[in-house]
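Just the one chain here, the form predicted alone, laid out as structure tokens.
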């Protein structure tokens, strides 16, 4: 595995690969890697010739500076995991490399429309602009044929899909299934910050989503969401939202409308904020 810290060096190396006719797959991460990230690497290896992974904790997408400071950094372990997974190139830029204009300098503003106003967009103002800025920069540097991201960040995946449309960048987005621990907890770098008691409680999010999925044909949405909200609150969560949305455009739903759906939850355990989602396969048309 080759490690690059400078944009010019990485571009030169990738240019040689592309001249040789090799396709490039890209997995952008913020590090603190787990099996979910590594599954993206393996999928990219199956579908492309050269797999590039980036590790960069992006300051412009954090609303809370304390959250940025507490984000787990495990570079040495990450490098070992990526090498073992068969990653070809690791891009490990500094903040100055990614933001030569300065973190607080002038950046593009992206018209993400409705997507930026609900759920994570409502609870984390400017978050998706920060995501758009850094992913746009990374895509300009790597210029991948294929981009691989995880479904756990469902709304972020939709934002990146929109970003590709806005910018005209020809990379193909692949949204890969969420990987879960044996008890159902969605794999996340933030899980590293959970103490043993909180880790045991954290699984209730996936259990709540499963309850919603199993009962979506039998209960009015308002009751289903309220039951889920109450259960999480009883388990000690501070709940930001429990929602049901159209899986194609994230329009929030109060009843089935024949579209595929996604169930979404965001809640805090102490100061650790967890998100998860589950897609309801096929359209639910039961009239309630």
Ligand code: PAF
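Everything numeric here is computed off the predicted structure, so don't read it as measured data. Numbering follows the first chain given and starts at 1.
The next section is about a form of this same protein that is not shown, the form predicted together with this ligand.
Residue (of 186, 135, 82, 209) lying close to this ligand in the model of the complex, criterion heavy atoms within 4.5 Å | Checking each option against this ligand in the model of the complex, the one that comes within 4.5 Å is 135.
Quick one: from 163, 131, 202, 115, grab the residue that has a heavy atom within 4.5 Å of this ligand in the model of the complex.
-> Of 163, 131, 202, 115, the residue with a heavy atom within 4.5 Å of this ligand in the model of the complex is 131.
Closest heavy atom of residue 48 to this ligand in the model of the complex, within 4.5 Å or not?
-> Flag for residue 48 set to no.
Check whether residue 181 has any heavy atom within 4.5 Å of a heavy atom of this ligand in the model of the complex, and answer yes or no.
-> The answer is no: residue 181 has no heavy atom within 4.5 Å of this ligand.
Any non-hydrogen atom of residue 149 within 4.5 angstroms of this ligand in the model of the complex = Yes - in the model of the complex, heavy atoms of residue 149 and this ligand come within 4.5 Å of each other.
Quick one: is residue 145 in contact with this ligand in the model of the complex, heavy atoms, 4.5 Å cut-off?
-> No - in the model of the complex, heavy atoms of residue 145 and this ligand never come within 4.5 Å of each other.
This ligand isn't shown here, but in the model of the complex, which of 150-158, 214-222, 73-81, 165-173 has heavy atoms within 4.5 Å of it?
-> Among the candidates, contact is made by 150-158.
Sequence-ordered residues of 21-54 touching this ligand in the model of the complex, heavy atom within 4.5 Å | Result: 28, 29, 30.
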